[in-house]
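Have a look below at one chain only, the form predicted alone, in structure tokens format.
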């Protein structure tokens, strides 16, 4: 695996020098300041590459921009509404510009509105570390009693509705506001002031879009952009839903192995691939991550390795983000399958035999607790995760005789 690290640009509290110290060799980043649907220009791409190559003191780093995460798919494209045709044309042009600057791996997602959802961004663990958590009852209480979404009760069992009401009745106003802010953090415009009515208005734009229609729109998007990606030598890789089940009545179409198999079959090209996120997929009880890697590994272009601890064995359900080697996913078995895939690719002469991997998320530990990094992206917690993953990789490679 090629060890990479997500970096959010010059305002990231984790400096490039610290990323080098952590042992990563590649950077995963994006042009977050460019609006979804607009073109990524060669000038802006080269500017980000220069930033990655330069330390605070002006000296060169050893880092290389390996993966684009993400080149966003606009809501208009997902809905086939508004300026969606222009946005697809812009997406193709952005791919052209990325290829001209040497970028080959591009991650994206097709989640409606919600990029990710957690109810607690700093859940306190027994050892005093903190992590992100999704509490299904808390989320239901938000949906039913804070957002007050129309017909929301139809999405939950009577037992969940009752538990959510009891939970909500025990909260004061500051707690309600904090929960709402945590959930809104995964919405577009989260750096703005979104009211509950704003969120309802966003949800209303998907009122007539079910899973089949959204899936058809994904396949139509891929039919448009995959030929461009294939011609340019770019590998597109779709990130799974996070969490991998429906929320707020929105359709989810990239939550299971069956979803990915259908996507690959619909547009059968080496450029149409997978971001295998073991944390997102691991929150669904039906997903077997080592098995997915064995069966779909030839299309895995990017790896997010993290773990979640399921608090009950059901989907949907509550979970928190565990240590990288401890949780619902057998990380040793998954890395074993990854190494087997890399051996196969190398024997086939594939130039992309080494799969980029980043230690995804991490618990806030030690000095992380005062650093206040982007939720899920602490320095030391991810360094610990990378070290553990690297250790497993090195041990398995030694057993397999892989140099």
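Residue numbers count along the first chain shown, from 1. Bear in mind the structure is a predicted one, so any value in this text is a computation, not a measurement.
Not pictured, yet referred to below: the form predicted together with ligand DNO.
Proximity to ligand DNO in the predicted complex, defined as a heavy atom within 4.5 Å, holds among 51, 61, 70, 36 only for 70. The listed set 304, 78, 133, 252 contains one residue whose heavy atoms approach ligand DNO in the predicted complex to within 4.5 Å, identified as 304.
Figure note: of the listed segments 255-263, 166-174, 100-108, 292-300, the one touching ligand DNO in the predicted complex, with heavy atoms no more than 4.5 Å away, is 100-108.
Proximity of residue 235 to ligand DNO in the predicted complex falls outside the 4.5 Å heavy atom cutoff. Interface membership of residue 87, defined by any non-hydrogen atom within 4.5 Å of ligand DNO in the predicted complex, is ruled out. Interface residue remark: residue 324 is not counted as part of the site for ligand DNO in the predicted complex, having no heavy atom within 4.5 Å. Although the partner is absent here, residue 66 lies well away from ligand DNO in the predicted complex, with no heavy atom inside 4.5 Å.
Interface residues of 348-382, taken as those with a heavy atom within 4.5 Å of ligand DNO in the predicted complex (partner not displayed): 358, 360, 361, 377, in sequence order.
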